[in-house]
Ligand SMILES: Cc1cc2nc3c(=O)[nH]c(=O)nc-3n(C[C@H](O)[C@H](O)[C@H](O)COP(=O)(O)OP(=O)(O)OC[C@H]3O[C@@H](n4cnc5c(N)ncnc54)[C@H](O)[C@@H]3O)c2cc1C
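Only one chain is given next, in C-alpha cells, and it is the form predicted on its own.
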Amino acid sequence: MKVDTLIVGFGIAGFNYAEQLRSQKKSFIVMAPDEESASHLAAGIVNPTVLKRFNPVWKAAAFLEYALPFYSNLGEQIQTQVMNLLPIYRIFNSIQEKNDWGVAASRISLEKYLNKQLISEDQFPEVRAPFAFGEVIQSARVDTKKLLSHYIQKIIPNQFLSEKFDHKTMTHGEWIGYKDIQARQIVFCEGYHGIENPYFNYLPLIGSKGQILIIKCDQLTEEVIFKGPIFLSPMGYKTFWVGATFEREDKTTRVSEEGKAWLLNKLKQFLKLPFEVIEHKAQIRATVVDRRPLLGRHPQHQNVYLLNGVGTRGVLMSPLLSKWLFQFIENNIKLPLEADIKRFEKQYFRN
C-alpha cells in the first residue's frame, strides 16, 4: 500500500494533521494503539490567555483565528457538534488581582479577549467569588473524546490502523517502509510516548502528569467555564471536568488518593454546591522544557517529521501547527523558529 503520509499517533495533534492532509486531498494512513490518550482526557478548552498572570498565549491571535472556524466547520462535516463557545470566568483572589485584570484588559494584546466589565458574584451564587469574576471572551470547549472517535468512525474508517507502532521495524530511504505500507513521509504525533521514539528521543519532552475528576452537579450552570485554583468545565448532561494536577516526577498514569484529595480541596474552595465524583483519571501531557511545540524534520532523515509537545494548549494550537508543518513539507515554507525542532539540533549531534 502506497500513501503520501503515514501518521503515527492519534491524539489532538495526529487528528489535526490527518485533517490537514485530507483537506489537501493527500493520501494517508493513521496508526495508533486503541487506548486512551491525554487528548481523550483533556478539558479541550480553547483559551488564548494565560490566566495565572493575565498574559496572552504565544501567537494567540493567529492560533485562535484559525482554530475556531476549523472546529466549527469540522462539526458540520461529521454531523456532530464538537465545539461550544463558552466564556471563561476567572475567579479573583484579591483586590490586587481585580486591579491587575483591569490593566491587562486595556493592553492591545489582550483587549479582544478580556472583558473590562467585571462580573459580580451575585450572578453565580453557587460559586464563591468575593472579589468578582473576570470574563475571557472568544473562548470555547471542544469535546476531544467525541471528536476523535467520530472522526475515525465517519471520516477515516478505512485509513485508521489500531496498533502500536514498532520503531525498530521501520525502514527509511526514498520511501518510509513499515510492514506493507510505503509512505513518502512519516509524521510522528505520539504525545508523551515520543520519549520512546529513537528518532526524536534527544528532544527535551519532559511530560507532566495530570489527574482529573469528572463530577455530576445538577444545580450548576453549563453556560460558563470557571477558573479558580483549577478549571471547572461543563461536559454536558450536568457533568463537569475538574482539573488538573501538575506532577512532574510521576510518569505513570495511575491515579492517587493524594491527587484526588488535592483536586477536591481546590474545588471546594469555590464550588458551594453538592456534587458526585463519577470518574478519577490520569494521563501524561506532552510538555517541553521551553514550553513551545516541537515541529519539524529529523536532522538526518529528510522524510521523517514530528508534530508534538502541544501540552495543555493542544486544542488551540494544533490546527495551525498542522498547517505550518504541511506547508513546510509540501512547499518548503519555513517554520517559526520558536517551534522548529532545529532549536535543539546541537543536542542531537552531541549525542
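Keep in mind that what you see is a predicted model, and the values were worked out from it rather than measured. Don't overthink the numbering: it's just position in the shown sequence, from 1.
We do not show the form predicted together with the named molecule, though everything after this point is about it.
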ask   = Since the chain is shown here on its own, which stretch among 281-289, 295-303, 52-60, 319-327 would lie within 4.5 Å of the named molecule in the predicted complex, judged by heavy atoms?
value = 281-289
query = Hey, with the named molecule in the predicted complex, do K2, G173 and I186 all fall inside the 4.5 Å heavy atom range?
reply = no
query = Among E276, E163, D100, E126, which has any heavy atom within 4.5 Å of the named molecule in the predicted complex?
reply = E163
query = Is A43 close enough to the named molecule in the predicted complex to count, meaning some heavy atom within 4.5 Å?
reply = yes
task = Mark G210 yes when one of its heavy atoms lies within 4.5 Å of a heavy atom of the named molecule in the predicted complex, and no otherwise.
result = yes
request  = Check whether E35 has any heavy atom within 4.5 Å of a heavy atom of the named molecule in the predicted complex, and answer yes or no.
outcome  = yes
query = Does any heavy atom of V8 come within 4.5 Å of a heavy atom of the named molecule in the predicted complex?
reply = yes
query = Across 101-122, which residues bring a heavy atom to within 4.5 Å of the named molecule in the predicted complex?
reply = none
